[in-house]
Every structure is written in C-alpha cells, then in structure tokens.
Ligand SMILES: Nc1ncnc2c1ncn2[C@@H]1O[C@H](COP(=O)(O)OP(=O)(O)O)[C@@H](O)[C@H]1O
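Take a look at this single chain in structure tokens; it is the form predicted alone.
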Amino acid sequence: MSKIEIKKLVKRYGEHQALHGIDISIPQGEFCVLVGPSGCGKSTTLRMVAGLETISGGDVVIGDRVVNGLKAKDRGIAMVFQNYALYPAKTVYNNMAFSLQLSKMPKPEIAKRIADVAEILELTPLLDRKPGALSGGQRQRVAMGRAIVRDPEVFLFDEPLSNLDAKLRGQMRAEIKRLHQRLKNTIIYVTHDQVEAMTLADKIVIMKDGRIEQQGTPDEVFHDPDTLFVAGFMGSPPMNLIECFATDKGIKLPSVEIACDMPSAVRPGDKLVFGIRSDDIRPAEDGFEGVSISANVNLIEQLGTENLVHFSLGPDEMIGKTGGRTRITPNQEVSFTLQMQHAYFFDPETGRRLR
C-alpha cells in the first residue's frame, strides 16, 4: 500500500491543454473516485498515474517516489480496464497467473496466491474455464483477480463496470467495496456514473474541463456543493436549479415569491440561482415544515419505494418526491412544501456557491 500525491499535473496534446495543473492527495488505503462528464480529464489523469500517458508538467508521487519517468511495470500499480482484456485461449487460472509467470515466480507461490484470491472473489470453481464460458460479471472478477495476485501498491480502475447490465453493476459495486475493506489497498477509480462514485468512494474528485471543481467525502460533495456544476452533477435526480432575484424577504421566481433566509452577502435585486433537491420538496400532506406552494403535476415516475413528481412552477420545471404509496396523478393540482432550510444559492456569473 502506498499514498499517492498528484501535484500540479498538466497534460497537453499539441495546442490543446487537457489538464490544468490539478492537485490530488490520496492517503494510504483510501478509495478515491474521479468522476465527471466525458472529456473532463479523469481517464487522462488515471493513465498518467499508470505511466500510459506522458506528463507535460507536474509530478506523480507513489509512496515516496516521483514516478514521472518510470515505466508502467515499475510503478507498483495494477490496472483494471473497462474491457476485461483476458486471453481467450487461456484458462482463468492461467490468465491470473500470466504476469507472475513472466516475473519467474516459483510455481508453488503462484498457486497459493491464485488460490487465495480465487477464494476471495468466488472464482475457485471457474479456474479451469476459459473466458468464453464466463458471464460478464465473472470475467470482470477474473480481471480484478489478475490485478490482485500481483499484490500491487496501488489499484487503478478505469470505468470497470460500464459494460455490465444494471443488476450486475450493483453486485460488482458491492464486491469492489467489500474487496477494498478487506485488502485496504490504495485505489483510484474512474467513472462517469455519480451513483458509483457515491457508493464506493472515501473521497470523490469531481472534474470538469481538465480542472477540479470540488473534492471531498460523498457526504460533503452531495450536501455541501461548492459550485453550480457540482450541485447539478451529483445526485439522481439532479438538484432543481432555477434563476431568481433576491428580495428583502427571500427570493422572487417568475411565478411566485418565497420567504427564506439568505446569504449575508446577497442584496435585494441580486440575480441568483436557487437550488433545492427533490428530497426537500414533499407534498404538504406529508407534514414537513417549510414554505407551501401549489403546482400542477405533469408527470409521475414510479420507482417502487418512492415516486418522482414532475411539476411546473410557472415556466420552471421542478421535481419533488413522495412515498411509493402516495397517490398523486398527472394534471392534479397539489400543495407542496419546500424545505427552504436546505436551499442553496449560487452566483449565476461565476457558478460559485453563496454561503
């Protein structure tokens, strides 16, 4: 196990700059997830840590070594890719053993390592099969096993669950989390799926356009977003975000005024973006404290344990939540409670949170 320090990391492709001097500190044993939309630089960062991309500026430190000039095989890392990259003609055992065989490790030691890892990943009955006889989830476990047997200092995961169906993704998320709790290795994990990020990470690094928007625990980035981008990106459904103006009593939306406490720096007439999560918009009949509004329901998404209620507030669309047994129908006029103590306000020009 080793800590990782990414210091002022820069990546240029000709005239295009993909990374703009990012800093990430990952303590020993931490599970760090890089998340963001396509093109934000998260996979580029991972590949630079792995030694698969040259570094244009800054340093990557693994343990106590600056590894900028080291080849990938000398960095003490193991990588699990989106495509499993298994040898189709080799058995599961030989796929997992291949890198150890190349390093001339004694056969008894190879056998012991593979037996131990196969037991952890529930692969023991599959060791004599070839990849073509395995399911997608089993192949991904083999790819993980191949990485684990090398006993690396650091694991790097590049969107490893993207090719799996929803049920398998859920199962593999749980397996990866259990594996980390057992092995305590340092992990960098790249995904565009914020649900994966929230469920797996000790620390989430949210990236946009080659820069870090925010980094912190899942609880911090979800409940305490620093920017408009983070507020809209983290959460499913995304945060409701509406442009408004400050008043001396609260905020004015196009169709309604809402009384609420405001950040101290805000003055009446200031243009703002008002944000509130769907969890904090509930039917008034549920008995939550807050500001009551009436709105026309457009759509109901039934998720079983809860419903997402889409409604119009003048020209703006919002999403609230109800319990799964609450009976609300489209085109119904419903009274909702906005729990304004959980509201957020942002500067529309800079995107920064107003606190």
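Numbers for residues come from their place in the sequence shown, where the first is 1. Since this is a predicted model, take the numbers as computed values, not measurements.
What follows is about the form predicted together with the ligand, which we do not show.
Flag this candidate site as yes only if Tyr13, Gly39 and Lys42 all have a heavy atom within 4.5 Å of the ligand in the model of the complex; otherwise mark no.
Checking in the model of the complex: Tyr13, Gly39 and Lys42 are all within 4.5 Å of the ligand.
For the chain seen here without its partner, which of 31 to 39, 294 to 302, 324 to 332, 59 to 67 has a heavy atom within 4.5 Å of the ligand in the model of the complex?
Every other range fails; the passing one is 31 to 39.
Might Ala343 be said to contact the ligand in the model of the complex, defining contact as any heavy atom within 4.5 Å?
Looking in the model of the complex, residue contacts with the ligand do not include Ala343, since no heavy atom lies within 4.5 Å.
Is there any non-hydrogen atom of Ala18 lying within 4.5 Å of the ligand in the model of the complex?
Ala18: yes, in contact with the ligand in the model of the complex.
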